[in-house]
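Just the one chain here, laid out as structure tokens, in the form predicted on its own.
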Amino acid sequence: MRILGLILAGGHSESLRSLVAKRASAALPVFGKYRAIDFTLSNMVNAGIRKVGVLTQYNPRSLMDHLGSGKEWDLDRKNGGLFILQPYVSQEGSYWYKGTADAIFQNMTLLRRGEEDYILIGSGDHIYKIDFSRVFDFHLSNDADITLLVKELDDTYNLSQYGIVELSGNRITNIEEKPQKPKTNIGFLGIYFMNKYLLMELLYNYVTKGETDLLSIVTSQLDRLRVCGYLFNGYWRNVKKGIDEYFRINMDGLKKEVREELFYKYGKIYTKLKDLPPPKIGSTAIVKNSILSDGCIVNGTVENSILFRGVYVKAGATIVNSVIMQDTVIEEGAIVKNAVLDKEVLIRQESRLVGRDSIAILEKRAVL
């Protein structure tokens, strides 16, 4: 089965505030040394997909620097490989992507010229681990025209932020986008699998008439096509849902069962490598239930926290329930609790940053 992978990675979320001021949400750092896009991209590669297009738009520099030639995902190859797909200027004019369907339609050349028969579409904002080969088998065994990944969402999800699905057996009978009064708790996970030529036909029929959203197009076909839902039971979160969700995702990384699912099942999660030494924990340090990444130096107290590469925690400093991004320095006697610190932040001696009613945020290169 020849499959083309497409990753939608051009999104922007106002609810992430300063964390996406200079990066796409798909490029958000998670779990110490990864980016959000690493999970969808690695899932595709682990399923044997060797041609992947990444559709970018908003602040793509950080994302493109991370992806590079695709070497870390074995996508720097002559046949297939990694394609970065951005809006462009042509003789007819310049066009920003107006929606998911429009983004794919503007890159129809990649579909037309490829030899793939099927297409897998996912989002670069999602954190999950899946064996996509099971989805492919499900699609074929159910004689589906389109397969959507769905999940039963518990009370830690705000159902009004998701597309809510109604199922009859394996077949989807209704999809309601972000309903105020959802009829079920089954949410659509933003992942599509279908025949490439069917997708091309749908895009030509609908995008040319002004429809720009792929889910809306699929919803309009529920009576005509066999659209099935693959029920996913594993860990799945969307970093684009806001600061609280981003913080929750990183804190979930401290749970053993989540780490085992994300990093040991169904292959590895690949990322861009950095040539840094292992973390150094000094004689005065106290570290409890935390993740310390390469290049960290810890001489203070770190508890229930994620430290990204190159973080320096000096003696007498305290970090609790926090996410500290790359190359941040916490000086002597400083206290950081319930906070997210972006890259290269400096917390000076004896300073306090404590999130009480909400998570405290400091933008890149901030000084406190």
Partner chain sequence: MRNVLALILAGGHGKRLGILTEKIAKPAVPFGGKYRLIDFTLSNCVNSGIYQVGVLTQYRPHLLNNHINIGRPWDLDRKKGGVTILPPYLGGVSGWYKGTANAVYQNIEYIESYNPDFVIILSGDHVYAMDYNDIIDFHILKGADGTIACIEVPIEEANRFGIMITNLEHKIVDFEEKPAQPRSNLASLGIYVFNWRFLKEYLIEDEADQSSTHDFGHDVIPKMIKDNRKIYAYRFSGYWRDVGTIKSYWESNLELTRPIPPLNLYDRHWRFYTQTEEMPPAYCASSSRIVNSIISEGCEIHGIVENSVIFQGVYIGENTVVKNSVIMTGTCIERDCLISDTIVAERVTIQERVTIGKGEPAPSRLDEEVYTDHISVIGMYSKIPAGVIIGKNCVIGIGVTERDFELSNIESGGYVLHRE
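Positions refer to the first chain, counted from 1. If you're wondering where the values come from, they're calculated on a predicted model, not measured in any experiment.
Quick note: we don't show the form predicted in complex with its partner chain, though the next part is all about it.
Student: In the model of the complex, does every one of 11, 189 and 193 come within 4.5 Å of its partner chain, counting any heavy atom?
Tutor: No, none of the three is in contact.
Student: Determine which one of 160-168, 208-216, 293-301, 232-240 lies within 4.5 Å of its partner chain in the model of the complex, judging by heavy atom distances; exactly one does.
Tutor: Every other range fails; the passing one is 293-301.
Student: Whether residue 264 contacts its partner chain in the model of the complex should be assessed with a 4.5 Å heavy atom distance threshold; does it?
Tutor: Judged by the heavy-atom cut-off of 4.5 Å, residue 264 is in contact with its partner chain in the model of the complex.
Student: With heavy atoms only and a cut-off of 4.5 Å, decide whether residue 87 touches its partner chain in the model of the complex.
Tutor: No, no contact at 4.5 Å.
Student: For residue 181, is any heavy atom within 4.5 Å of its partner chain in the model of the complex, or not?
Tutor: Flag for residue 181 set to no.
Student: Residue-level question: is residue 223 within 4.5 Å of its partner chain in the model of the complex, judged on heavy atoms?
Tutor: Contact with its partner chain, no.
Student: Please pick, from 141, 133, 173, 289, the one residue with any non-hydrogen atom lying within 4.5 angstroms of its partner chain in the model of the complex.
Tutor: Exactly one listed residue reaches within 4.5 Å, namely 289.
Student: Name the single residue among 114, 81, 99, 279 that comes within 4.5 Å of its partner chain in the model of the complex, judging by heavy atoms.
Tutor: Contact check passes for 279.
Student: May I ask you to list the residues of 52-74 that have any heavy atom within 4.5 angstroms of its partner chain in the model of the complex, in sequence order?
Tutor: The stretch touches the partner through 71, 74.
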